[in-house]
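Below, in structure tokens: the form predicted alone, a single chain.
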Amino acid sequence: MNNNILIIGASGQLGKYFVNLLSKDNNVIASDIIPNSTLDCQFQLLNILDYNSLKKTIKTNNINQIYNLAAILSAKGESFPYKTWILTTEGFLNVVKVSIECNVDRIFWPSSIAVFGLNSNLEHVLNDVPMLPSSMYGVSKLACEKLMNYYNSKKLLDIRSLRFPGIVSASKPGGGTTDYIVDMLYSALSGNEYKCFLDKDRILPMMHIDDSVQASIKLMNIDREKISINSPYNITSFNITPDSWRNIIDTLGYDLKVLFEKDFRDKIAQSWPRNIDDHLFRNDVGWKPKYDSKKTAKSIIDAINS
């Protein structure tokens, strides 16, 4: 085994995919506040806000890498802004503190395109731009980006991060603004009409779940010297609108009926990038996506059906 890895928030959208890949060569312990018997590794109930339990888990299992996936996503976060702030920021700081005390080698923590705002030149967002996020999810993620930069620049820890766009997977959506992209696939398979909460022409960056997880693990496995920044990297695969996504689904043999009725999530999406510049990550890490939009749709439909 290469590493003893703790995955926090493993019952969420990304968790099982990280478990499946990391378990091939490492000793993985998955954890969450929600019991999960479906993961193919040791599982432990754990609340990231319970510092003593977190420390005990890390010491008992000699953890040397942590994947901190705990989060309340953007749309759901607007209903629970205080809870979102606490989970993101205090959870982040608990992991930081215990990692320093227990000599954890490195941490992966995902950020999000939600950190960007209307002042970020959304037509082509560079890695380092002004950011005034419009959601509490984005605000709390940005706060932790600043903390990450502090701990990395002081060489107190080795924290690595990617700013994820919308993630397309076979997992049921969990309260994100980009959830329409998965909801549409489920509606197409069930033959149900779908009511979309975004404008039909609202363009957003997306990527296949496999690309996002493999990129994260590749980032975690490279030498620190190859990482040129102390803050998160931009990452993306393809840009798409709800209407274009519907058309792609139809080319795969479905006749999806979509009713467009914008709600508060469309306003959140207005402050998110239309196009992301991720050349810095691609150059530093030597990564590129395997899936475009059509390959993504076909792959996820096949995964849902399997």
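Since the model is a prediction, treat every value here as computed from it, not as a measurement. Start at 1 and count along the sequence shown; that's the residue number.
What follows is about the form predicted together with a small molecule, which we do not show.
Of the candidate stretches 66-74, 275-283, 252-260, 38-46, only 66-74 has residues with heavy atoms within 4.5 Å of the small molecule in the predicted bound form. Between the options 198, 235, 113, 159, the residue in contact with the small molecule in the predicted bound form by a heavy atom within 4.5 angstroms is 113. A single residue from the set 177, 140, 99, 212 has any heavy atom within 4.5 angstroms of the small molecule in the predicted bound form; that residue is 177. Looking at residue 92, you'd find every heavy atom of it more than 4.5 angstroms from the small molecule in the predicted bound form. Using a 4.5 Å cutoff between non-hydrogen atoms, residue 165 counts as a contact of the small molecule in the predicted bound form.
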